[in-house]
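Take a look at this one chain, the form predicted on its own, written out in structure tokens.
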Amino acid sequence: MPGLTWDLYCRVIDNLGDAGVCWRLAAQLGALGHRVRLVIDDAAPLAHLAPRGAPGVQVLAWPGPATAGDVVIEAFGCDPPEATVAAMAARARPPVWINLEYLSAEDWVERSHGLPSPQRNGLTKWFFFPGFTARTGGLLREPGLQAQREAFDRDAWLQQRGLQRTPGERVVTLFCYANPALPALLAELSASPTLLLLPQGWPQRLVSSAPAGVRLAPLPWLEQPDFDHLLWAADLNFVRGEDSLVRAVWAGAPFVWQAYPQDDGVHAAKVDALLVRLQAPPEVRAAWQHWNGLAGAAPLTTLPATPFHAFRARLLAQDDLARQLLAFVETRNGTHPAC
């Protein structure tokens, strides 16, 4: 059975995360045999994230095609162009219209996931929430990802980038926003030999020197598969936002997450909710709160591995986001069956 045509609308707001999430979803749907038209208002990030493209995925400049596909996804409430909405309403069989929301571990997500929003033109928009429980839409996870993770050789990957661990040296990845706790982190890392991997962007702008004992390794722009490898290569990961959070979960190593800081402090609830889902012990909770400016000093680099392994195992037992989207589309009235 032929696949569906998916129109995925994305506006790039900040920090590449919107483009990163949309590209991963588009590529996975394409790999499953569907046709994806990714309509994006700034395709420049894809030159770094996915320079080789992906089978089944066509990248189009905003406002995109004059027609509407079988499924229309607006990522993060970006609102499709008016012409697209008109084309959706004009179809004999209206497309399934989905608002793919931001990832959150908060309780209200379960209550909001899958709710309809009837529109004045007779269409229905459906809210689809990624999440960490069986009552949400799950997380992006490519088929075979964990097998690749288990077969990964981190020393070989590091050597391909001109890096080699010294005896007893730990590997730490730092992918962060501006953070006043950075000096404390560097001081703590200097207590034992550390190879600190710095991706492009904020990390390299913020960390240009380090105390003795910390060896800095600035990296070039990484494609999405290599960003996974970066996290797999580390004993400890510092990640931020949405996309790198999910990839740190699948990496399985201890990690510290930095929520996007907001002036009204609502990011505190997001951090606390994720700690609850993680079933974080006190030392993990203290480290995350310190890193997010929500509590005083606490050790940042001595986190137990067991909670993170258990968290990954629980999430691996759930269907991934792309397959849950396919199942969701199948159940909507008047749609083609998904393949």
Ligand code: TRH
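All residue numbers refer to positions in the sequence shown, first residue = 1. Bear in mind the structure is a predicted one, so any value in this text is a computation, not a measurement.
Beyond what is shown, the protein has a form predicted together with ligand TRH; the following relates to that form.
Out of the listed residues Ala287, Leu49, Ala68, Ala27, Leu49 is the one that sits within 4.5 Å of ligand TRH in the model of the complex by at least one heavy atom. The partner is absent here, but in the model of the complex a heavy atom of Pro220, alone among Pro220, Gly162, Pro167, Gly122, sits within 4.5 Å of ligand TRH. Ligand TRH in the model of the complex comes within 4.5 Å of a heavy atom belonging to Arg240.
Within this chain, Phe152 is remote from the site of ligand TRH in the model of the complex, having no heavy atom within 4.5 Å. Contact check for Leu16: a non-hydrogen atom falls within 4.5 Å of ligand TRH in the model of the complex.
Proximity of Asn99 to ligand TRH in the model of the complex: non-hydrogen atoms within 4.5 Å are absent; the residue sits far from the partner. Residue heavy atoms within 4.5 Å of ligand TRH in the model of the complex occur in exactly one stretch of 197-205, 133-141, 182-190, 91-99, and that stretch is 197-205.
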